[in-house]
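Okay, so we've got a single protein chain in two different forms coming up as structure tokens, structure 1 first and structure 2 after it.
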Structure 1
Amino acid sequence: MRELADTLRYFAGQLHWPSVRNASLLTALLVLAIVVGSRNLQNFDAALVGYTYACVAAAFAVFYRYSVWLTKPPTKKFWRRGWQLCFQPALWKNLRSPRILGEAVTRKLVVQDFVWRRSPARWLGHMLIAAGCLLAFAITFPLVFGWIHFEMGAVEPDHTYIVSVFGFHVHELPLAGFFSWLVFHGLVVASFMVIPGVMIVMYRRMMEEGATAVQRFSRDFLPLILLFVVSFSGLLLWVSYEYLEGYFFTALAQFHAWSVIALLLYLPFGKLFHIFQRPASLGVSYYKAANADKDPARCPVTGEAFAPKMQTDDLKEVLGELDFDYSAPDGKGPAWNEVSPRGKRILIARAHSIARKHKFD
């Protein structure tokens, strides 16, 4: 009993309580949205309740981790600066801010040309996985939250389905036809994207020397295996009900559900968390754009411009919050982080000469 209490106390001590509060609030909002969006659970599909619980748990963990992440001094600084620059009046002349945002979103989040430059094969694999996952999420979440649901519509002359979103009838869909095929097979399409994507990335991971040198099983292979298991079991489900009259369906459905739940619960902890983290790169674009025509920080040793002045200033503050003291030895003049990387290396070599009293043995 005492041990249990101690363990619990230990875990409580490990938690970052302000983030628990933030995550709880946001999760409560999500639950509220589920209840309201499904019209008091009227449109809620009870068969999917396992997924819903997993989604809510994963959402809590994602909110928690994101919130903890934002408390780190460099992250906090970037976050605040990003928003501040985004809304800075100077950047709204000629609508520059939205244009910067548009370009950054397109290049960094949608097209991801930097991944292409890492390797075209990697880009293709990543694109397939990313697009497939987004499609699958876009279908799964509204369904398991009861935000979208389908009802039987007309029987004569053709069978139709009524699509209701948040309980409002928005569309009547003829059962036959390409569009409804697409709607009902969206997840199949998604697995046909994710599976080849996983294959390409796996192949790279096994064959490419740069990748094999640095990868780790839990970090790099586990998410791929999870994605594969989810997509493949989903695909088998479709084969079972569409072509094999439901052969093995119940067991497959359970297996698929557990794999999805595992993936959802992995989302906040492993590599896939970058989906939520990555938009921070937009802040970098703002940093650059906002400082492009300002005086940069110049290295006092080499004279080269090496960073935006705003960044060396911000960093100085951040380093202070991290309990580093890189200020000048007598408190006046540039801090160490205001010397360029090359300037630092030169002064280090010089410090070494001094330590050797300029005499090399």
Structure 2
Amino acid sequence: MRELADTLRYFAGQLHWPSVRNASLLTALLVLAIVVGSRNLQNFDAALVGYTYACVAAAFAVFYRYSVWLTKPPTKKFWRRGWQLCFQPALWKNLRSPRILGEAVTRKLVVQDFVWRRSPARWLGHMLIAAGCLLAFAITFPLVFGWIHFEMGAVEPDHTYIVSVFGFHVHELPLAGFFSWLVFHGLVVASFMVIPGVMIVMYRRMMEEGATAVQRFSRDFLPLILLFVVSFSGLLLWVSYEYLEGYFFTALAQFHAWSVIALLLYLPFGKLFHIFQRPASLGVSYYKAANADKDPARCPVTGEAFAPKMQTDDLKEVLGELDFDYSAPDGKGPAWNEVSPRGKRILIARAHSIARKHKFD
């Protein structure tokens, strides 16, 4: 018993309790939204309770990790500066701030042109996975939480469904037609997007030397495997129901459920967590916009302007908070954090050249 108590005290000491508080509050709000949105669980499907538990557990972990992430000095500084610049009066002239946000959302989140610049094939795989997952999430979560449900049509019960959102009837959907097919097969469409995307990314992971040199199974392959299993098992459910008269449907449904639960529980801890971190990158656009007419930070090696000076000054401040000193020994040369990426490559190449010269002299 003493060993168990010591173990519990150890893990309790590792937790960041303000983040536990934040995650508990937000998770409680999610549970309340499930109860209220499903009309006191009247529209909640008990068959989906396993998915709901997994969603709530994953939400708590996501809220906790994100809250901890925001307490880190670099993230805290970047987060606060991003919001400060977003509401800066100078950027609201002629609605400039909303236009900056719209362009940043389009480029960084929707189109993701930064991936295209690395490789069109990589962009295609990334976009297929992203679009398929977002479509699946948009369908799955409201259905699991009871926020959306279907009822038989009042006028033509054999030919229409009534779509209810948060208990309010919003549309009467005919059972025949292309649009209704898309509504009832949205997860099938999502699977046909995710599977090719996983194959493209997996091929790159196995064939490109640069990717294979740094990849890890738990970080790079496991999320792809989970996404593939969820998508493929979902397609098997559709094939069983649509073409095999429900053959093996129960077993496939159980397997699919466990695969989805595994993906949800992995979501806060692996590479897929960047889904929640990525929107924070929008702050970079405000750094650039707010400092566009000011002197930028210039690399002492190349002389090029490589970042807003406010951004590099914030970086210096954060490094000081973390007790990192990147200044050159005896003040000979520039500080490492004042050098552009290209300048750093040049300095590294020079150092290698000098080392090789001394070695062979």
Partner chain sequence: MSAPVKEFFIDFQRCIGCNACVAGCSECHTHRGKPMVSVDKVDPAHSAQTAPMVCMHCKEPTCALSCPADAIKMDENGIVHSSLKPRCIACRNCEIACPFGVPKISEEIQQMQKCDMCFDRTSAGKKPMCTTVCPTGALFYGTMEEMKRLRPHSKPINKWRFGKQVIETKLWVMVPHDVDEVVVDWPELLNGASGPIDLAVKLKEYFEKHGVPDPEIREPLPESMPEARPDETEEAEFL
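Take the two forms, superpose them, and find the largest set of C-alpha atoms that agree within 1.5 Å; that set is the rigid core. Remember, predicted model here, so these are calculated numbers, not experimental data. The first residue in the sequence of structure 1 is number 1, and each one after it adds one.
Q | Form predicted together with its partner chain, given as structure number | A | That would be structure 1, which is the form predicted together with its partner chain.
Q) Quick one: once the rigid core is lined up, does Lys316 have its C-alpha move by 2 Å or more between structures 1 and 2? A) Yes, shifts by 2 Å or more.
Q) Core-aligned, is the CA shift for Ala351 between structures 1 and 2 2 angstroms or more? A) Where the cores coincide, Ala351 still shows a C-alpha shift between structures 1 and 2 that is 2 Å or more.
Q. Taking the rigid core as reference, does the Cα of Gly37 move 2 Å or more between structures 1 and 2?
A. Comparing forms between structures 1 and 2, the Gly37 CA shifts below 2 Å.
(Q) What does the CA of Glu338 shift by between structures 1 and 2 after fitting on the core? Give it in Å to one decimal. (A) Reported C-alpha shift between structures 1 and 2: 6.2 Å at Glu338.
Q.
Looking at Pro300, what is the CA displacement between structures 1 and 2 after core superposition, in angstrom?
A. Comparing the two forms, Pro300 shifts 8.3 Å at C-alpha.
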